[in-house]
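Okay, here we've got a single chain as structure tokens, the form predicted on its own, with questions on binding and movement later.
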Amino acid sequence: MLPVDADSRLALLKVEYPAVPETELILEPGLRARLDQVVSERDRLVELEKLGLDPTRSLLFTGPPGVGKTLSARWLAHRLGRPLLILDLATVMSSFLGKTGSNIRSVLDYAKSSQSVLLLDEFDSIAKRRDDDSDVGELKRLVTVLLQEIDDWPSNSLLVAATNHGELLDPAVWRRFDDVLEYSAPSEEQSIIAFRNTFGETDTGFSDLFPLLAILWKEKSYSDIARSAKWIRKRSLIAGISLEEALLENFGKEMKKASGSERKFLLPFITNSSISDRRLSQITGFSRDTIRKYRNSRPVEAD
């Protein structure tokens, strides 16, 4: 039986089994290798035991929203063939305040007794610095309990904590985890991969815009990119225009919002695309003469 709140009888956990990642996991190679290591360790438990070693039992994911922390936990559960148990600590704190301690203990006991991946989302909402005067004594004691639980977490289960605000965590939290993975916004190359995964490869020429979108959307997370891509696809359907035209329309809006220096920086990249001078002029606001000038100034590649 899933743990429930004693009064409301509402389930404290969200369970995903099988855990199916909704999109491809795109990470820089170092992070991906460390996740692969966690999976590989579970396949070689006997060898680790002979060396007196335990597999990774706990992970801390930290970084801005939408960069793949929850997706990584789902990916781990999928690869390990285990249920993903998700506890949103912020929700527990707001909905069940007063019984937070007993509810969290119930969740931790349940997860420890099952072969699962437990994701403690919004970890900073509870594992704050114990010198934070705004917190009541009960919550400070709960942090101490959490630290002990992390230390004693069994090797048959995997604990993953995720936070968007690592700076709020109690300093003692960091060294309690077997590994700490720091996530960041996608690079231009990773953004282009995300575009290709969403739109697919095409021979119509609009994939030339992916590098430009990666520059324009350099501050966007994977979630932001996926949301924008979905909007473009829906725009194509509702307006009865091609996917290429919907993408160009969106690109034009982004260009108009960009600063003058950003637009000038993008101009050489724009003229590398196979889109006609007339259409580029319409969507970017640059004159056709300016676009032709940049096209004609490109060096000719040798055969």
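Because the structure is predicted, anything quoted here is derived from the model rather than measured. Throughout, we count residues from 1 along the sequence that is shown.
Beyond the structure shown, there is the form predicted in complex with a small molecule, which is absent from this document and is the topic of what follows.
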P64 versus the small molecule, in the predicted bound form: is there a non-hydrogen atom within 4.5 Å? yes
Even though the partner isn't displayed, in the predicted bound form is Q282 close enough to the small molecule, meaning a heavy atom within 4.5 Å? no
Taking the small molecule as it sits in the predicted bound form, is S223 near enough to touch it, meaning that at least one heavy atom pair lies within 4.5 angstroms? yes
Quick check on L27: any heavy atom within 4.5 Å of the small molecule in the predicted bound form? yes
Okay, which stretch from 209-217, 109-117, 68-76, 149-157 lines the small molecule in the predicted bound form, with non-hydrogen atoms inside 4.5 Å? 68-76
Answer key: of T100, S125, S228, N164, within 4.5 Å of the small molecule in the predicted bound form (heavy atoms) is N164
